[in-house]
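The chain below stands alone and is given in structure tokens; this is the form predicted alone.
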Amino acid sequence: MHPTNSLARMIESCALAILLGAGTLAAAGQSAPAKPENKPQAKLQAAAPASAREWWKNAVIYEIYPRSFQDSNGDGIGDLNGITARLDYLKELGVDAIWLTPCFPSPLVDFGYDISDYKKIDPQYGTLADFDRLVAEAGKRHIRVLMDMVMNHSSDKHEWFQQSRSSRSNAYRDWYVWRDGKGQTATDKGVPPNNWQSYFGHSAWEWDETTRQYYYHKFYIQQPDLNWNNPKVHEAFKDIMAFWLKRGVGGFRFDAITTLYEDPAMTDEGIVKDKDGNPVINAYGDPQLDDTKTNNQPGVHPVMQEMRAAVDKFSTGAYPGTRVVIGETYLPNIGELAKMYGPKGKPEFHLPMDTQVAMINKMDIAAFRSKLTDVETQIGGHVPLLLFDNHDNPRIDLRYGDGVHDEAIQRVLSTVLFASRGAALFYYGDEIGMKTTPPTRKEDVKDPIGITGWPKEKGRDGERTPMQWDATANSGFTRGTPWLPVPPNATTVNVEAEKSDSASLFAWYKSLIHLKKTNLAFAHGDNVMLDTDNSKVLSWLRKAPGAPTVVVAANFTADPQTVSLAVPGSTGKLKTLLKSPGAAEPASLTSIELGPFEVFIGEVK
């Protein structure tokens, strides 16, 4: 869950969880899907992790927004059986795991992130039997199913909160955060306890007349925050996780995890000022606050150590090996990200999302070089998780594209994602270049953020449009009326069209993922930046003991560039593994010619 999808707000809050794709960048020439070299099978298998416990270290994870992926029953809403029907596609793409955004019962104020029952499936998406079938069929294809674990808040319709608000003496009262107002009397509610704001606009405190107190909500009014100072809340969520782990899920992505705790002194947050000393006003008309009292509080770390220990108990069953713990970790710097892995002997996240790279939001080569170096050298040798896209932010085209070279730019970014050390996360439709398609009229907006913030904030509908499978009616997503309109470009930008085109973005993604899985240097090697004074081309090498070194060069500009790279001990000769469609074949390591936003990946001789 992200505060908003407006670009300005994203930059202000350092958003987006980013999985840095650990990568085997070895595929075969041009951008056609890569084919393995004629080597013994054992050699190719050697690029895989040593055991099932390490599957996540070089994982490719695919985020699915269930409402928008595939509808199986014609009601216009994607569902679990629709996902099951598309598993062969995901296997072909090379995915190791799918992360499902919430499919629990929900009033859908926040489209599933307001959960009313953590141990059921919302009927819109299917049944528990449908879920079990999805897990089983995915397992047959060596794909793990990861679920969203939303622990910061529940729906106000959850039985816990219904009990909590019924009386001050109810056993569930202290499961949530309740406070008297300032100046409150027997007849006057006073004003909210402090100036804290909801990420979705206005005060984070809501008056409840039944028990005459305010409750705290970091997100929507209908999403009251749970009280993590109550040990019973801890036990409830360990029980919920066990319920799903016993059904064979491969792990969890922990939503909004840095907001679990608030300053116990209830101190006001600071107001962000512009360069002239005036308050910065956000899309909702509120002064922008600094978020220091309601985000990234120290209590998060002990909780995650506890949750990680509970998850680690499940290492057998449908998916032998590690059940992965991923964090939605919007953090201000690499030092704070490093803490999310946990201290020695007290692990927290396997893969906290690195938002440092994803939210650069422009093709700034110095920023990319710096942030990628940070994640390689400043996280204590842990495995990075990079990404560029998710359901809460405008798609890559709107944040990084220039309107002319959008597809080429996405080749550059996907190369950073899959050709860097670690695990890689990407969002459904990235592989075909789906574009952000926001509503043009307020009356068409489905996302409450857009309804509240229009026109400055148009909501998140634009990045949640239906998956574009083919050129038929509704792009093969549904035979009914889709819950969001299918973008007009679906007639040409779709899976079927791109699968048959060896120069397509889909072919590029498939080739990169294949390299990530079969090239030893990409699977396990270190990242080392090259030509670090170059302000136009980002170059790096991947090297691992006993494996040929691989170089990567990506032009970050719309102008042709020539780069000369020096790799100690090399002859200067190169074997092309993958290059942008139409790119020149390099004569040597010292003369790599790149057109606008072109990429070259080669093995050093």
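Residue positions are given as counts along the sequence shown, with the first one as 1. Keep in mind it's a predicted model, so treat the numbers as computed, not measured.
Below, we turn to the form predicted together with a small molecule, even though it does not appear here.
Novice: What stretch, of 528-536, 167-175, 501-509, 457-465, brings heavy atoms to within 4.5 Å of the small molecule in the model of the complex?
Specialist: The contacting stretch is 457-465.
Novice: Is there any non-hydrogen atom of Ala256 lying within 4.5 Å of the small molecule in the model of the complex?
Specialist: Contact check for Ala256: yes, within 4.5 Å of the small molecule in the model of the complex.
Novice: Report whether the minimum heavy atom distance between Thr518 and the small molecule in the model of the complex is within 4.5 Å.
Specialist: No - in the model of the complex, heavy atoms of Thr518 and the small molecule never come within 4.5 Å of each other.
Novice: Heavy atoms within 4.5 Å of the small molecule in the model of the complex: does His391 have any?
Specialist: Heavy-atom contact with the small molecule at 4.5 Å: present for His391.
Novice: With the cut-off set at 4.5 Å between non-hydrogen atoms, does Ser155 touch the small molecule in the model of the complex?
Specialist: It does not: once the small molecule is placed as it appears in the model of the complex, Ser155 has no heavy atom within 4.5 Å of it.
Novice: Which residue among Glu348, Glu262, Asp110, Glu431 has a heavy atom within 4.5 angstroms of the small molecule in the model of the complex?
Specialist: Answer to the contact question: Asp110.
Novice: Only one of Phe426, Trp205, Phe252, Phe219 comes within 4.5 Å of the small molecule in the model of the complex by heavy atoms, so just point that one out.
Specialist: Here the answer is residue option Phe219.
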